[in-house]
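Take a look at this one chain, the form predicted on its own, written out in structure tokens.
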Amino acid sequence: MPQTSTDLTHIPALVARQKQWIAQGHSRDVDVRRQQIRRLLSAVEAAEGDLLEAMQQDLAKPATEAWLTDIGTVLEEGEHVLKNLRQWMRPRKAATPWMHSPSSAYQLPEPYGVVAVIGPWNYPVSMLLVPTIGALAAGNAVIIKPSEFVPYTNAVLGRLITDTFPVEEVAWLPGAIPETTALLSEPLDYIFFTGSPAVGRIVMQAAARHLTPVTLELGGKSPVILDEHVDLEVATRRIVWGKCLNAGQTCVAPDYLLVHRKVKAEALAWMQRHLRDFFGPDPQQSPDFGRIIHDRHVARLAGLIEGQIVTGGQVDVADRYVAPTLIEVDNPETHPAMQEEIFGPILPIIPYDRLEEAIRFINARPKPLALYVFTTRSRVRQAVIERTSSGSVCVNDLVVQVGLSDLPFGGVGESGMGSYHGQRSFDTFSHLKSVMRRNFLADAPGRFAPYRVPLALLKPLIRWLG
């Protein structure tokens, strides 16, 4: 299906039109924001069938998986925002010291203005619309730039957005690199990008030209530590599910498994059994296993499959299929699957003997977007949480931490900057303007020149009163 392109000459006019709408102050009304979000949720619900079919065409996503991770996520986030928006918009009081009495101070959330939401292809509905909901909740106008690699989903989403919103409120900007480049060259007020670290650097460089603030939701090699003190059947079932979700094309998917040597053989046996239970003897024939986004990614993933293959390894370029693959890795420093984020259904497995080895291995690499540990021992759990750095940690499960509206989601270091979901989304897309108000009743003694109070007396007095 061809990707619709946008005339680049329209982009400056679009940004200017949205800035004008923001300047008129319409979006400062809480009821306007709530109405926008309700319209969006209603449109998503009405288009549910078309969106599910489109994601199946683009990514071979099973309907249940697509609804849970894309459509359901959007609806849940929207309802959460509607429930709490009035409270989030209230001024936030701040204390004032005695020397400024009588006075009051507070922070007032206000919109940034025009927000660009640049989204990925792997979760083409939720990773565009969840940040859009946050931007609308904060009173911004939004330009949505989708990935060009999901044309069927874009066709449905594009109609949904253009039928639901005038372009000065929310605009749909299809296209590829030229459109993204043209958009980033404009004086935007905020940029929200989800994608790879390589493209994140390009976005940040473009934002620097206008000193535009950014949120970068990137990725990285998210590790799993599998302790020997654990329910192996449950743990391995969750690991296999998290790895195979969306055919491994998930930014918080487990990228490699550090398994205690004592339980490695049993863990591998359980994972092979779960793969058969999930997808049958031939996952390529299963309606519940997705496909890789395009041929180039299939070829890249095929190049990562080498060494001691426990199961899987099959690749069908014509079908964009890469089998769920478990690989035992003897030398992680040189194995190709350990040199980059995999973003596919390949899981390198690395044994360790002591927890210290696993922690040291993780800390020697860039900070991941997510980190997972399976253990029944509090000592192990706390050591991993306290002695590693990652965007998030999930104990005894995978991926599910991303679905909590009250838990901010974001990266650190190479895996990104900034976070969103729930109130954090509202704060991300709001400028918290500091406001202080005084009256004309009095000023603190000694405030104005000529200064007569000795500093030796003034300092302890201020400390005592303050």
Ligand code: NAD
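The numbering used is simple: start at 1 and walk along the sequence shown. Note that the structure is a prediction, hence the values are computed from the model and not measured.
Below, we turn to the form predicted together with the ligand, even though it does not appear here.
- This chain lacks the partner; the member of S147, N140, T215, S390 within 4.5 angstroms of the ligand in the predicted complex by a non-hydrogen atom is S147.
- Only one of F193, Y256, F289, F374 comes within 4.5 Å of the ligand in the predicted complex through a heavy atom, and that residue is F193.
- Contact annotation: F409 falls within 4.5 Å of the ligand in the predicted complex, judged by heavy atom distances.
- At the 4.5 Å threshold, heavy atoms of W270 stay clear of the ligand in the predicted complex, well away from it.
- Among heavy atoms of G78, none comes within 4.5 Å of the ligand in the predicted complex.
- The closest heavy atom approach of V199 to the ligand in the predicted complex falls within 4.5 Å.
- Only one of 111-119, 391-399, 260-268, 306-314 places residue heavy atoms within 4.5 angstroms of the ligand in the predicted complex, namely 111-119.
- By the 4.5 Å heavy atom rule, the three marked residues A176, F343 and L369 all count as contacting the ligand in the predicted complex.
- Scanning 218-253 for heavy atoms within 4.5 Å of the ligand in the predicted complex gives L218, G219, G220, C251 in sequence order.
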